[in-house]
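Next up: a single chain in structure tokens, the form predicted alone.
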């Protein structure tokens, strides 16, 4: 495993190059170009805010802030896992022709989505300052470990699904359906207030729950997130990354033949 990490590190320039390629190519020939980085999540936020504020009324103050703070990280996770599942299959020619650690493709895919999330946080801070609720600088410092935890979780799942998709092409579509259901098991559009202990326990099995709660604590409630919950999030992220890498290594041997 350590040698594997060294091999991947030696190909870091390739990762950076692939990330740049994906970021440049994502909106190539699009009239609005990189503006879609902001417009896609913004449109989602407008739709969900309308549904949960007008059709299904709630009494949350500045609900659109609560929704935005959860939706931007979720968009990263959704795209990283959903699109990353096909990262090996979609680069079949490269995989079959030259040698490099195949994880490079998956890492580059997830990292490009992570960069998009960082750019999209412009919307979060714009809404926060327009609303006048401001930020807590002490709490804001905890955004870094929360983002690291989410990146680890996303990369772990993506390594797992991208390796399986090489052998089972339906997996890419299964992941798409899974992500549609997964968002409702994550407290993005609702809070855990008033939920039974059984429901809260069930929701916290979801590794994204503690991460989204931490984002809400930092940017909506302006408090330092639970250190214990954040520690669990980082630990779970690391465990998922190790599991994803183990599965990837076990299945990698026949990638060329299957592609």
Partner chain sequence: MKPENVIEVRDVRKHFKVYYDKGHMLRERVISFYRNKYERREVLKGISFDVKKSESVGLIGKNGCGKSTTLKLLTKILRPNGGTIETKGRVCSLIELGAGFHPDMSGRENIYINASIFGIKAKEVDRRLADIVRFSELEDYIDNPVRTYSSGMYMRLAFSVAINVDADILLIDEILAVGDSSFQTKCFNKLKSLKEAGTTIVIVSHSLGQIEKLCDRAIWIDKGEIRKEGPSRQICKEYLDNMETARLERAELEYRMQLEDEKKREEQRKEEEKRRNEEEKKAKAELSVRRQEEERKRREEEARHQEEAEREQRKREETKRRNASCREIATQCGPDARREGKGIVQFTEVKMLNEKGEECTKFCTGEDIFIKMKYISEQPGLKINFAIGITRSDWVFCYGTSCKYLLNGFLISQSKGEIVLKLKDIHLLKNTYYLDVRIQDEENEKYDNIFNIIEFKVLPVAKKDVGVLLIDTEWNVTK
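What you see is a predicted model, and the numbers here were worked out from it, not measured in a lab. Numbering follows the first chain given and starts at 1.
A second form of this protein, the form predicted in complex with its partner chain, is not displayed here; the remarks below concern that form.
The single contact residue among 166, 146, 117, 155, judged by any heavy atom lying within 4.5 Å of its partner chain in the predicted complex, is 166. With its partner chain left out of view, the stretch that reaches within 4.5 Å of it through heavy atoms in the predicted complex is, among 182 to 190, 77 to 85, 124 to 132, 97 to 105, 97 to 105. Shown alone here, residue 241 lies farther than 4.5 Å from its partner chain in the predicted complex, counting heavy atoms only.
Although the partner is absent here, residue 14 is a contact residue: one of its heavy atoms lies within 4.5 angstroms of its partner chain in the predicted complex. Mapping the unseen interface onto this chain, residue 5 falls outside it, with no heavy atom inside 4.5 Å of its partner chain in the predicted complex. Judged against its partner chain in the predicted complex with a 4.5 angstroms heavy atom cut-off, the residues 21, 252 and 256 are in contact without exception.
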